[in-house]
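Just the one chain here, laid out as structure tokens, in the form predicted alone.
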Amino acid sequence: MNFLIAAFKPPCTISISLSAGRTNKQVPLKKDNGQTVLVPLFESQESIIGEVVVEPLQGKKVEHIGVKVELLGQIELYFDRGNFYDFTSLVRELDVPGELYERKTYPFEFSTVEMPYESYNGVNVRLRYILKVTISRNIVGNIVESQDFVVRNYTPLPTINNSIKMEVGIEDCLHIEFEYNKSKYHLKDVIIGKIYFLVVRIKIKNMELEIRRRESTGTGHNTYVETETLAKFELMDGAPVRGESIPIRLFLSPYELTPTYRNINNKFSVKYYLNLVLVDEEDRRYFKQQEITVYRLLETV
């Protein structure tokens, strides 16, 4: 049995190391096995620089027909698990066919790489970036090793950021106006607003504001939509009266939000909504939903 295990064991180890990006940061990334590891953080147009070390096991030699490193940007839809859609694919040949008897280091560089989409790990979809090293062999299987890294892209403050004003009415029973100070929020922003009660003829028991994330994947008949409620914020407990004004102040930083993603590579979208919920004394629920745009603002120290 030990002989069989040894026969299928790769004759070498491969390690991939990356130089840090501009931010010189490492961020947590959840792996397929559920473990969380720290990986380097990059943004679009950065150069990906590092080295690959191949070390044959003691007494072993590695015959190969070439060594290469690939930089891949991939989207995986979970209803089509195992099929990766590559939207970025770059390759660097590291070695010509030959034999390895001792440790060898291969430096590599991918210059100013276009990485238009952010890393994302959702309910039904994953977008990831990896470096993949392949030692190609003739008869026996190739030896492959990969290294994940994370991409985040930043957006400047929007030049136009209109407030949101809406009216909600239920026949002659209820008429309210609500106002949010803007329609675009960065990940560490604060939602500030007010709710005005103009007509109140039903007995409202409480009112809350929800942040919802809607992830849609696929197209046509293979479209899957998942909606998550990420936060609930109680605005009022008790019956309002006509003319009353309820302030809103909701901090976004405690919640695990991503930016809004619209039609990423024609595969998926992620949108955010503010959902106002009113509950009357008979436990009937009234909703009003409004989409907001979430973006990643470059953090300044």
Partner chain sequence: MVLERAEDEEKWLAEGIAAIQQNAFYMHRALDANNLREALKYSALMLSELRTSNLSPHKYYDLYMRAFGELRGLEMFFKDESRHGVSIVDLYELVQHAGNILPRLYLLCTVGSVYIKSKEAPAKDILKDLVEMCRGVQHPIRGLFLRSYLSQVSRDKLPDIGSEYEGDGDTVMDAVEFVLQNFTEMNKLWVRLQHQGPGRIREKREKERSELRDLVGKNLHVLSQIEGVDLEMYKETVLPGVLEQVVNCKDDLAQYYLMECLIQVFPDEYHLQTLEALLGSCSQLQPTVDVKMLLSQLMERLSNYAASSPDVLPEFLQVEAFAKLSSAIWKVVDAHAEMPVVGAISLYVSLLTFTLRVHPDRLDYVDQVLGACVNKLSGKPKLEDRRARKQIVALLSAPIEKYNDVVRALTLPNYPRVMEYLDSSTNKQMAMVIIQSIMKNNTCIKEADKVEVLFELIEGLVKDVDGIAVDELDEEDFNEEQNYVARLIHMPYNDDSEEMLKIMCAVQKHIMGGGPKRLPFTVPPLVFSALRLVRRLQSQDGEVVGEELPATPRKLFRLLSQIIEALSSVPSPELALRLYLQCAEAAGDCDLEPVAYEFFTQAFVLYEEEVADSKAQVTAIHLIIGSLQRMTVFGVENRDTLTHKATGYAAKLLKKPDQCRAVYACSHLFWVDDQKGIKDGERVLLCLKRALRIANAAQQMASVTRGSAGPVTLFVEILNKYLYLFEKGNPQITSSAIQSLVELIQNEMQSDSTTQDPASDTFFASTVRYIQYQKEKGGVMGEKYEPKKV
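Residue numbers count along the first chain shown, from 1. All values reported here derive from a predicted model rather than from experimental measurement.
From this point on, the text means the form predicted together with the partner chain, which you will not see here.
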query: Every residue of Phe233, Asp237 and Pro240 near the partner chain in the predicted bound form, heavy atom within 4.5 Å; finding: yes
query: Partner contact for Pro28 in the predicted bound form: the partner chain, 4.5 angstroms, heavy atom; finding: no
query: Contact test in the predicted bound form: Asn263 vs the partner chain, heavy atoms, 4.5 Å; finding: no
query: Proximity of Arg201 to the partner chain in the predicted bound form, heavy atoms at 4.5 Å; finding: no
query: Touches the partner chain in the predicted bound form: Lys61 (any heavy atom, 4.5 Å); finding: no
query: Listed residue (Arg81, Arg103, Lys165, Lys194) with a non-hydrogen atom within 4.5 angstroms of the partner chain in the predicted bound form; finding: Lys194
query: Segment assignment from 62 to 70, 264 to 272, 33 to 41, 240 to 248: heavy atom within 4.5 Å of the partner chain in the predicted bound form; finding: 240 to 248
query: Residues from 250 to 279 in contact with the partner chain (non-hydrogen atom within 4.5 Å) in the predicted bound form; finding: Phe251, Ser253, Pro254, Tyr255
